[in-house]
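Okay, so here's just one chain, in structure tokens, the form predicted alone.
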Amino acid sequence: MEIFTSYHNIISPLGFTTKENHSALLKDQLGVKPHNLGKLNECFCLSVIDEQKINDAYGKIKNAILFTKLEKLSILSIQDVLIQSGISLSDPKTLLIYSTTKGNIDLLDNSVKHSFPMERTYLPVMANAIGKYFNATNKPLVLSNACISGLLAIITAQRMIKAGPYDNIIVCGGDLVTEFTVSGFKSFNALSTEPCMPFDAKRKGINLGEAVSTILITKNKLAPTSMKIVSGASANDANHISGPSRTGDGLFKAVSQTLQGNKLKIDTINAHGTATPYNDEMESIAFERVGLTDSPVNSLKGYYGHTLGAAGVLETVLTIEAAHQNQLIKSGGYSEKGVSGNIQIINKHETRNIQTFLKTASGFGGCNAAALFVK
């Protein structure tokens, strides 16, 4: 059985639709900008959605006051995909999978008054609130596995449709920039005070970003940009609570399993590319180990920062859009190669025939995921 990607949406600092976001990338626009955040009283480079644009969009949501910021952004994104596709979550054959690392973590900030019960910080409770808005027949599934959550949700959707219970699965990934998340990454000394530079010799660390992105996974080839999800896999190297395997073992296994039995040329790779010293180095080693030295590689985190649970969905959607238009998107922030692995970093936007791409993701705890997409 063939499983396809279909209609999609992105809400980010660079736009509220996929086309707006894709257009912004081609113009080299960055969502990452300096921000002062809460009680931390420090300036960080973050990618934050403009509050006025969010408030202007809330008119499209019935009883918007009943939902948190992340829930509202998710409803807007899911709603766009449902309108485009004509499907409904009230259909017993349609499921919602929500990927996130922190959910409504902003509700834990005691300095901000709100009327939501604290149980709304529980990920299933948040997902159920979103599902209820759309009269979902099936209880939403939450997938939270560090920074591979979004890509793993897409892989899970493909497998669940193949297994038979569902014809369509809406995958929505979302996370916010909050003082909690920023302070956590600050404690690892992982944050850059400048726009991040994945794979670059002068990279200093990550920028955090917020976004929501939604994609329809289906057994029906519905959308003009549809691509087949051929295969996907995840692997855990269990190297460290936050640091990846220095030899890329987990990512090597995930990519190897994904490509096993597929003799396709990989036209491009959208990597995780966080701009931390160890992640980018590990990825370059894993790609070389698996033999992908001729496939052009990029990271989109120079534009968006690291959007955590949304990253795997957002970056897959943008790579699908670029592949549909036969484009290689340059790796934002990249100038000079700073990794030892023999890989080809995309340093300029370029027109290229793209029939296939590999998407990878890596995260805390040594988790890794990879998926192969084909036109």
Partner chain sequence: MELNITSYCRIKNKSIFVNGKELSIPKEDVPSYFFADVYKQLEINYPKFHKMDNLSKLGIIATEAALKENDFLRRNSLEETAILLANKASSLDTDRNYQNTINNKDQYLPSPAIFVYTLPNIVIGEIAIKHKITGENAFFVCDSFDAQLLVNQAQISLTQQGTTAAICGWVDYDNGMADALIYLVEKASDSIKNINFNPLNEAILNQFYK
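Just so we're clear, the structure is a prediction, and the values are computed from it rather than from any experiment. Residue numbers count along the first chain shown, from 1.
The form predicted in complex with the partner chain is left out here; the points below concern that form.
Margin query: Using a 4.5 Å heavy atom cut-off, which of 72-80, 144-152, 212-220, 284-292 contacts the partner chain in the predicted complex?
Written below: It is 144-152 that comes within 4.5 Å of the partner.
Next item on the list: Only one of Asp167, Asp109, Glu194, Asp91 comes within 4.5 Å of the partner chain in the predicted complex by heavy atoms, so just point that one out.
Entry: None of the other options qualify; the answer is Asp109.
Check: Among Lys132, Lys202, Arg159, His114, which has any heavy atom within 4.5 Å of the partner chain in the predicted complex?
Finding: Partner contact (heavy atom, 4.5 Å) among the options: Arg159.
Next item on the list: Classify Asn236 as contacting or not contacting the partner chain in the predicted complex by the rule of any non-hydrogen atom within 4.5 angstroms, answering yes or no.
Entry: Result yes; Asn236 sits at the interface with the partner chain in the predicted complex.
Notebook entry, point to check: Is there a non-hydrogen atom of Thr137 within 4.5 angstroms of a non-hydrogen atom of the partner chain in the predicted complex?
Noted result: Close contact is absent here: in the predicted complex, Thr137 is far from the partner chain, nothing within 4.5 Å, heavy atoms only.
Next item on the list: Considering only heavy atoms, tell me if Phe364 and the partner chain come within 4.5 Å of each other in the predicted complex.
Entry: Phe364 belongs to the contact set for the partner chain.
Next item on the list: State yes or no: in the predicted complex, is some non-hydrogen atom of Asp267 no more than 4.5 angstroms from a non-hydrogen atom of the partner chain?
Entry: No, Asp267 is distant from the partner.
Next item on the list: May I ask you to list the residues of 253-285 that have any heavy atom within 4.5 angstroms of the partner chain in the predicted complex, in sequence order?
Entry: The stretch touches the partner through Lys253, Gln257, Gln260.
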